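Given next, in structure tokens, is a single chain: the form predicted alone.
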């Protein structure tokens, strides 16, 4: 399946005009690079945290992967029941900042966890959510994530600026309602990931304003 075909399917099932009018163009800035990074994988067990309207999940499922998605919003807010049923996608309603999984549910572990364009929006200090991600990874699993590059968005206001360590600890304050909590450079993005993961690789696709990272799980001490 081509990226454009996955977007067409997401468009058909979109629950609001926002996807067509705005976010579809945003996806074109980063999703082709993500799909390129995973397209050579043999079918495997994959979790996507923050799946949006399901473009990536549909593409992955069509490639033969066993796909689970996790979102803090209930099913039907962005992705529809019809979409996940059609492509055999499992939907988990859970906030990755709060817990690894909903109470009483064991999701097991995944060979790949994807979380694109989510970290800047996390309400609390982001290393907590990333530790939960690590708990969901198999011992030899990978994590692929992305953020906007601050150097390309110098005028974009973030509630806590560009210092992720200054974001409040989990539930230590009222939840900040600003859409963007923190922005990242390649240096601060690396620092955040290194606080949780082992091997870190950061890259920026050509003509992109998005920083990508690939990380592996830190071995248990």
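Numbering follows the first chain given and starts at 1. Predicted model, so just to flag it, every value in this text is computed and none were measured.
Unshown form predicted together with a small molecule; subsequent notes refer to it.
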- Item | in the model of the complex, segment of 80-88, 120-128, 101-109, 136-144 with a heavy atom within 4.5 Å of the small molecule | 120-128
- Message: Check residue 95 for me: does it contact the small molecule in the model of the complex (non-hydrogen atoms, 4.5 angstroms)?
- Response: yes
- Message: Since only the chain is shown here, I'm wondering whether residue 72 would be in contact with the small molecule in the model of the complex (any heavy atom pair within 4.5 Å).
- Response: yes
- Query: Does residue 153 make contact with the small molecule in the model of the complex, using a 4.5 Å heavy atom cut-off?
  - Reply: no
- Message: Is it the case that residue 183, even though its partner is missing from this view, gets within 4.5 Å of the small molecule in the model of the complex, heavy atoms only?
- Response: no
